[in-house]
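The chain that follows stands alone, in the form predicted alone, written as structure tokens.
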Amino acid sequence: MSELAHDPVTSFVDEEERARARRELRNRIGKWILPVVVFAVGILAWDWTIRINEIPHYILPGPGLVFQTLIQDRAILLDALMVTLQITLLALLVAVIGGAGLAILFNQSRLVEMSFYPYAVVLQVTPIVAIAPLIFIYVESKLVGLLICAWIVAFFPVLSNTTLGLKSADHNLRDLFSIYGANRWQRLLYLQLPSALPYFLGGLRIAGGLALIGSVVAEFVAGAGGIGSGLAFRILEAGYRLNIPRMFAGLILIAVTGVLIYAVLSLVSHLMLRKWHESAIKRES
């Protein structure tokens, strides 16, 4: 028994297990602690810079004043955020349906892809700031105009990533499907769509942030006030009134919203891929 307890092979394996557990613990702690530390240092540096240089609040407000404004004006800012978030989510939904549907159509018809894919690229590379004024001239409804602007920005990542995923199915498996007499729809449903899912989810994460950017830019261009105004207009309004703390509060809400959208979509991607795809399976280092 004593020889077994002091077996060098067993001791080496135990030491390796302990080292791996320590590395895993450090990684988990660092994943959460380090961003918090960097954020705290940034806030302290921001506050210290204002105090040392005695910068007026109408030029650069301190973090305390921004937080206070965020609390005081929460009713106005949150109502505006709900408008912007509504446009963002609707645009993302339309981008997912249109982008994925068009990618499937491109995959099934090479002629259709050659005919229309270049125009999708043109929409992607043309700045939305240049397109938005024309959209609001020809589209009577402000809501529809905002939705179109946000959709234009968001749909291309879904389209391009899904198209790439559908083309990335293993050719050996394609040959196997052909040997067993599968038709094109069976090959699409049971081979190409599962292969394209990781690509589609990657495009979805990108599109979520771009939909928010598109809706904010569209609101800046539209510039209409009233009850239905989004967060971008409230930021513009605060700038006109030199209410710089409210501008910062609005920017913080936009940034937090973008992070939350990305986090939710990343969680959805992980849950859908964690049991079978290499990008989501955790392996021992």
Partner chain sequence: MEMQVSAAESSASRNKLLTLHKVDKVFGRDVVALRNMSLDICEGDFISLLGPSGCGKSTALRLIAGLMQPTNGFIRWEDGRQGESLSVVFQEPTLMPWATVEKNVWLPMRLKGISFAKVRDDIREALNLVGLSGFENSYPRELSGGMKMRVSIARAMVTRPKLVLMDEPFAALDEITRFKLNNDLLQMKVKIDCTVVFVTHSVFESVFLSDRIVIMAARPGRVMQELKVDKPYPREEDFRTSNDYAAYCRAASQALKEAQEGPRQ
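Numbering follows the first chain given and starts at 1. Here the structure is a predicted model, which means the values were calculated and not measured.
Only in words, not in the display: the form predicted together with its partner chain, which the text now covers.
Peer 1: Using heavy atoms and a 4.5 Å limit, would one call F177 a contact residue for its partner chain in the model of the complex?
Peer 2: Because a heavy atom of F177 falls inside 4.5 Å of its partner chain in the model of the complex, the answer is yes.
Peer 1: With the partner left out here, check for me: in the model of the complex, does some heavy atom of R23 sit within 4.5 Å of its partner chain?
Peer 2: No - in the model of the complex, heavy atoms of R23 and its partner chain never come within 4.5 Å of each other.
Peer 1: Is it the case that P194, even though its partner is missing from this view, gets within 4.5 Å of its partner chain in the model of the complex, heavy atoms only?
Peer 2: Yes, P194 sits close enough to its partner chain in the model of the complex that at least one of its heavy atoms falls within 4.5 Å.
Peer 1: For L173, is any heavy atom within 4.5 Å of its partner chain in the model of the complex, or not?
Peer 2: Close contact exists here: in the model of the complex, L173 approaches its partner chain to within 4.5 Å, heavy atoms only.
Peer 1: Name the stretch: of 180 to 188, 89 to 97, 67 to 75, 118 to 126, exactly one has residues whose heavy atoms fall within 4.5 Å of its partner chain in the model of the complex.
Peer 2: Among the listed stretches, the partner-contacting one is 180 to 188.
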